[in-house]
Structure formats: structure tokens, C-alpha cells
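Here's a solo chain for you in C-alpha cells, the form predicted on its own.
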Amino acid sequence: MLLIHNIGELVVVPPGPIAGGAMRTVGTIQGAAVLIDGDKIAWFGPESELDLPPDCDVLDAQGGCVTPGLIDCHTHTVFAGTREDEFVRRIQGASYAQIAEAGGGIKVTVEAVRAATCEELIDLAAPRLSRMLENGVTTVEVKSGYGLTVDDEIKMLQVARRLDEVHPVEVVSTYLAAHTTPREFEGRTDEYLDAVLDEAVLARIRDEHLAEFCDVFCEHAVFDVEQARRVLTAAAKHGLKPRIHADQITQMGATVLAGEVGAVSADHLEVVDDAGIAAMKEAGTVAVLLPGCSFFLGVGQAPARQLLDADLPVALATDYNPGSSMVSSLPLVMSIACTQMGMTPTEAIIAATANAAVAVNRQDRVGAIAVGMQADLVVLDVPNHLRWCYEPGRNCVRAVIKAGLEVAISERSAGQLVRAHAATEE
């Protein structure tokens, strides 16, 4: 058993979903302790009430705050190459759409991913996951979408599955072949969808457990509402739960579609409207906001307060990717949500834990502090959860517990870790 004691403040986030007004407050225990048996939380409460079992390992929180492990529920962590030239062009006034029309954007990353081997992609992604882990993230959703051929999309999903097997961070995979239409199918979008939605392809993804979700980028000049509906309904027939990039740049009814197909989440929502909000609420769809993306692109943020006031469960994620959000720190995103979206630190922490767990369909296991939940915890070097978001840019994490084990590792050791596990299995 493992005891975490001398906790200054234990933030008792309950299991999600937690909607709107209920996100304003959270239970806390001062002078607390948490007892872990195996990979589960066995007891928590005031340390003065603890009946300490014999032969218990002890982790001293040194008066710091303890929260559930963070969940980054929307990322594109598996990629190759960088696009800093586009970063400079945006600073000089070019829009994301203009860059894409000039041959940049997603398709640049596609070329790099197609040229990379599985081993190279693993070596690139493992240190990224370790940076996330060091910042308190214990579960990460990872999308495909930079291969845009059946073989390369499968390759990306295989990389994500391998990372889940060998890295301490839990990886949840999403099939995003409908990220954009590749160059070789330009002007033939429906033919491209024929290829990536082929029955045999979707059956393979299901049978080999390569993904749990299917996502689509529903936006003008990418996939329209009817094409997005086709993607999500075809994938759902093979057990892939629907998610959707919705209402990011233009309003075209993507979030209404999310409600119609019962999407687990609708993500982005910078230009969501009242109809979309109503559709999400009726369907129980989680509103996943990506403030790091708007921050990185220098555009307006999603209307977080409007969504919260509508009593929706709101989640936060980094959208970590090489084009529109080279932001891998979820705590930084939480701070941006506070300063630029008007969310409180309490709302931000619930959004990055309990509600993010719902967005990856793991709310019965992670994202909360409750007896019987998996012991995914973050020990901070600050005395309360308000201070965490108050100090953007500083890593406040003292220790990370994943499934009952202290697991934080350095970015530099990540590649060796992955290769060591591979050698052991061989």
C-alpha cells in the first residue's frame, strides 16, 4: 500500500460529467491523506482520522495540494516535422486558411509522417508524452490524421497503441483520417472517404483495437456537414464512438450535427451558436475547449462562460499539434482558460479532470478522487489549487502517481524507456 500524507489541500473532484454551475465549487480537505491499495484509491480524508496499516510505503506531500491526474482529451501528439515557418508567416499577417491554400498546413506534416517509420514516430512522440507527464497529465487522447492513406493512418494508430503499451501515460486513440483531403485526392473528396471508410479498414481498426473513437474536421473547404455525418455514422457501425472538430472557423452547423449523432464530444467551438449549444445539451455531448489553439493562432477564444451558463459539461485540452497549437502543457492551457476565457481555477481543474475523462469515456475509472477510482494523482508544490493556475509557465508538479505508482520521468529518458520495453518484450 502507498500512503500520501501531509497534504495541504486535497481537491476532491467527483466523477464526471459535472455540468455548468456545478463546476463552480469543489470539495477540499485540509491536512489530508490518501491511501492507495494496488492501483485504486482505498481511503482519503483528514490525516488525523487515518488508521495507518502496517508496512505501508509513504510519500510526503510536504504541505502541497493533491488533485486527480490531468487528462488531455484532444491532442495530435504523433507527428513528424515542424512548421515554424508558418508560425512566422502568421505573425506577419497570413491566416491559417491562407497558409493552407498556399500549400502549407496539415499537408506539410502529412509528407513528414508518410516518410517516417513507426520507430521514428515513437521516438518523436515518447518525449512529448513525458513532458505532458511531468506537467501532471496521466491520460492523453491521440489522433491519427497526418497519414491520409489507409496504410499511414493505420501506422499512426499502431504507434499510438505502442506508446500506450510502453509509456506510463495512458494513450487513448482516435481515427481521424477525415482531417483533410490529401493532395492526390484533390477535388475528389468523396472518393477519398470511400477509401478510408472502407468496411475492411474500419473492421481492422475495430478488430485490432487500434482506436476507440472516430473524429472528423467539419469545416468549409474540408468536410461539410453531410460528409462529416457519413464519416461518423460509418465508423459508429464498427464501434468507433463519434467525436467532431466543430465550429472552429466558420458556423456551418457542425455542433448541431454532434448532437444529432450523439457525439461524445464537440471540440473547438470558437464560433458555436445557440442551436449548437442546445443540441449538445440534449445529447449529453461534452464541450471540449482548446484555448491553447486560439492563443497560438492569435484569434478569439471560444465562449466558455456562455457554455457554462448553459449548464454544459466543459472540458479543456491542449490540441497539441505542429500547426495550430505547439502547446503541450495542459496546466498552461488551464491558466489561459482563466485569463482569456473567464473560467475560474476550480472550473479549469474540473474541466481538465472529471469532464475530460468523460470526453475519453473513462469517467468510471479516472479523473476523480473517490474510493475505488484508479489512483491517478498529482502532488503539487503549491498549497492550494487556486495557486496552480495563478502561476502560468511554472511547473508546479512535485510528483505524479499513475495507477498507484510514482511514474514521472524526464523527457530525455523517454526514448530509452520505450526501447527498453521493446527489448524486454522481444
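Fair warning: this is a prediction, and the values are worked out from it, not measured in the lab. The first residue of the sequence shown is number 1, and the count goes up from there.
Below, we refer to the form predicted together with another copy of the chain, which is not included among the displayed structures.
- Shown here without its partner, the chain carries Met343, Asp381 and Glu391, all of which come within 4.5 Å of another copy of the chain in the predicted complex through at least one heavy atom.
- When another copy of the chain is considered in the predicted complex, Ala102 lies well away from it, no heavy atom lying within 4.5 Å.
- Among heavy atoms of Pro322, some come within 4.5 Å of another copy of the chain in the predicted complex.
- Of the heavy atoms in Arg131, some are within 4.5 Å of another copy of the chain in the predicted complex.
- In the predicted complex, another copy of the chain lies within 4.5 Å of some heavy atom of Thr339.
- Listed stretches are 212 to 220, 343 to 351, 156 to 164, 190 to 198; the contact stretch with another copy of the chain in the predicted complex is 343 to 351, by a heavy atom cutoff of 4.5 Å.
- The single contact residue among Arg229, Lys241, Arg83, Lys281, judged by any heavy atom lying within 4.5 Å of another copy of the chain in the predicted complex, is Arg83.
- In summary, among the residues Val58, Leu386, Leu52, Ala42, the only one with a non-hydrogen atom within 4.5 Å of another copy of the chain in the predicted complex is Leu386.
- Looking at 273 to 302, the residues that come within 4.5 Å of another copy of the chain in the predicted complex, counting any heavy atom, are Phe295, Phe296, Gly298.
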